[in-house]
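Just one chain is shown here, as structure tokens, and it is the form predicted on its own.
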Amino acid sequence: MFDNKSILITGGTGSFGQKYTKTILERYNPKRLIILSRDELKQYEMQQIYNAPCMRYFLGDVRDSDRIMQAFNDVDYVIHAAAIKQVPAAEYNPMECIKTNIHGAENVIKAAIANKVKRVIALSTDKAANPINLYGATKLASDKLFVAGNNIVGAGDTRFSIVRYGNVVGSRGSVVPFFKSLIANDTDSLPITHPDMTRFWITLQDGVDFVLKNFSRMQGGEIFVPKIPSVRITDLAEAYAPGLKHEIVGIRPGEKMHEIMCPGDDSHHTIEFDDHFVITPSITFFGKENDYSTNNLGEVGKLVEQGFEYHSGNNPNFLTTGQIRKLDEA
């Protein structure tokens, strides 16, 4: 699917972008693989590792509509990964978060349509479902924009879909590197926000593979949600530092006890497949009628029960401390 095609990743120097780049180069022969980001140092560092002839490094910000329009020229597939993601940073810098996560999404949609990009997948987050913090609210708005993009395109062929998943093991700014840095500095305790807190857990490679597969599945307008395990924050701390004392520090501004990926209010739009869920659009696209119960790979799903909710606390699949360690080793 990606052989001899041009692929662009916004925010491509992040953890996801680097793993995605590695995977694409190992499995396919793209015509161009474009890394778009605003950090020249990260681009320089990434270029020392990934410097295949097909690689292109574009300095630019998704806030800059002219630069995005230029970068999307002759591109077939786009992965929109650029975002301001840190919850506390978003709470204290709200307009910056809005400019990147909402206005940036609008610029990506306009540029994709104008340049006749075939397919766009935007990365979302569990925090976009029933959001209580600004980051989640901006990503919900972004999700809605990308769904509506399938209507805005009119008779054009560009299709937009969303992938939503939970915390990525070991990604920059996440709890695992934080815990590891404390342990490396001989801390006498690990800070725990709340002993009952849970989170969805996915490896970076699993996230990349899920996105890749959904380019083949998508019809446009879907929110794809993988079935992934949950972790208890106390088990996470125990996995990395067995027997170390836990210090309860309280829930931070904008945090939830459990993260939701399929809200109960969307149950009448949620279809369950063997290894994932699809939240279908709540709006009708002009001149298009998609049957989302069967995707482009021929996989068949069924509507969930009314009121069904998929969150990290009611997930039937929880990782043990041993399984957490194995994931980390992998």
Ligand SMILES: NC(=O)c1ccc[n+]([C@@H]2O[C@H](COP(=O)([O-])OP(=O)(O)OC[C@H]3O[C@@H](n4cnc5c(N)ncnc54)[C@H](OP(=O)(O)O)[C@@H]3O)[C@@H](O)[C@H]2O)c1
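Numbers follow the displayed sequence, beginning with 1. Owing to the predicted nature of the structure, the values given are computational and were not obtained by experimental measurement.
Although it is not shown, the form predicted in complex with the named molecule is what the next lines describe.
Taking non-hydrogen atoms only, H269 never approaches the named molecule to within 4.5 angstroms in the predicted complex. Using a 4.5 angstroms threshold between heavy atoms, V168 counts as touching the named molecule in the predicted complex. Proximity of V120 to the named molecule in the predicted complex falls outside the 4.5 Å heavy atom cutoff. At a distance threshold of 4.5 angstroms between non-hydrogen atoms, L33 is out of contact with the named molecule in the predicted complex. Of the candidate stretches 229 to 237, 249 to 257, 107 to 115, 124 to 132, only 124 to 132 has residues whose heavy atoms lie within 4.5 Å of the named molecule in the predicted complex. Of the residues given (V147, L190, A81, A71), A81 alone sits with a heavy atom within 4.5 Å of the named molecule in the predicted complex. None of T23, T321, N315, S15 but one reaches within 4.5 angstroms of the named molecule in the predicted complex through a heavy atom, and that residue is S15.
Taking a 4.5 Å heavy atom cutoff to the named molecule in the predicted complex, the contacting residues in 33 to 62 are L36, S37, R38, D39, K42, G60, D61, V62.
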